[in-house]
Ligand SMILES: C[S@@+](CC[C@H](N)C(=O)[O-])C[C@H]1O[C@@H](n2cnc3c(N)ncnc32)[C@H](O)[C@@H]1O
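A single chain, nothing else alongside it, follows as structure tokens in the form predicted on its own.
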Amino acid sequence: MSDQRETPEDAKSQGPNPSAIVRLSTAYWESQTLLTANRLRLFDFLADSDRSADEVAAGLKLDPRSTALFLRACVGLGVLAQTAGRFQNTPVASVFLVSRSPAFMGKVIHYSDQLYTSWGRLEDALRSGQPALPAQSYLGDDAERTRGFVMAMHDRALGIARALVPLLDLSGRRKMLDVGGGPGTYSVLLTERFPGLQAEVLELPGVAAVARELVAAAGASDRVSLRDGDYHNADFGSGKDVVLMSGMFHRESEQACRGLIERAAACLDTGGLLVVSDVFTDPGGTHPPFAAMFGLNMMLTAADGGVHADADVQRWMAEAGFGELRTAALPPPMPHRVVMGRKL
């Protein structure tokens, strides 16, 4: 009997492989499975002991047959393990998906869950040029959704800050303006690391209200203050040593980003530091793939949402009078990059 196994040469001769296309067309199966498990608090339910499918169904008030299929799918995704018909969290789920864990990512994942419907309206957004989810709904108009957004950004910032804060040397600096600082997380951590540094967080009233609670809970109200205002037109003041703009540029057009950089330059003393942190692409805007996809996500959720290249941001800063420019990438899996420069 002849050997009928396919060789690499045979595969090449058959032309392009559609596997990647099939994979992309069903990728939402996996994301919705994770989002649903997080929404059901499945990982909390399994945090202390393994359970059978029937026990999970009874505990979470689900249909038994459907639950068994769901749990086996979670095993296939690597967030659950199965032994002798009983299910338990994998180590990665225990660290990142159980709410009592210090590294819990569930609130960030819940925010992705809220965006699921908006992504289903991608075609509408492409035709109309308008976001599927108006930014006002999670930046103040809807109090519950705003709170959820701010809390998710706080948890996200705590993770990013582990890499961002060590990149910054703010020794001897006294006054920092945190523009669009969201939950104030970076200001809390930076003022903690650099004694004598005072931070003012400029944010929209609905966001600032939640941020004040988080700053107070961190015991940082004596060094971090919140000021209600829209960074598009609010006064940046003067005499600043540091201006931080984190996670803002992906909401803004090139013109708006340039304007923000120019206003930062105007409020900084000579030698002052501008720090811009965000998800940036390489020149051309297509890589890394996550950054390009992130641009679509922002297009769906903000009127001018998108993504910029860090090389462009560095050029805009140079044109606004900043020198000693440098860019640093945060370590994987974080997709963020930081562009820094001093006012000349």
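Residues carry their position along the shown sequence, with the first being 1. Small disclaimer: the values here were computed from a predicted structure and weren't measured.
FYI, the form predicted in complex with this ligand isn't displayed, but the following is about it.
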Contacting member of L139, A220, L189, C267, with respect to this ligand in the predicted bound form [4.5 Å, heavy atom]: L139
Listed residue (V242, A132, L204, L214) with a non-hydrogen atom within 4.5 angstroms of this ligand in the predicted bound form: L204
Proximity to this ligand in the predicted bound form (heavy atom, within 4.5 Å), stretch among 155-163, 75-83, 119-127, 192-200: 155-163
Contact test in the predicted bound form: E254 vs this ligand, heavy atoms, 4.5 Å: no
Contact flag, H232 vs this ligand in the predicted bound form, heavy atom cut 4.5 Å: yes
Any non-hydrogen atom of M248 within 4.5 angstroms of this ligand in the predicted bound form: yes
F87: touches this ligand in the predicted bound form, heavy atom cutoff 4.5 angstroms: no
Heavy atom contacts to this ligand in the predicted bound form at 4.5 Å, residues of 70-97 in sequence order: none
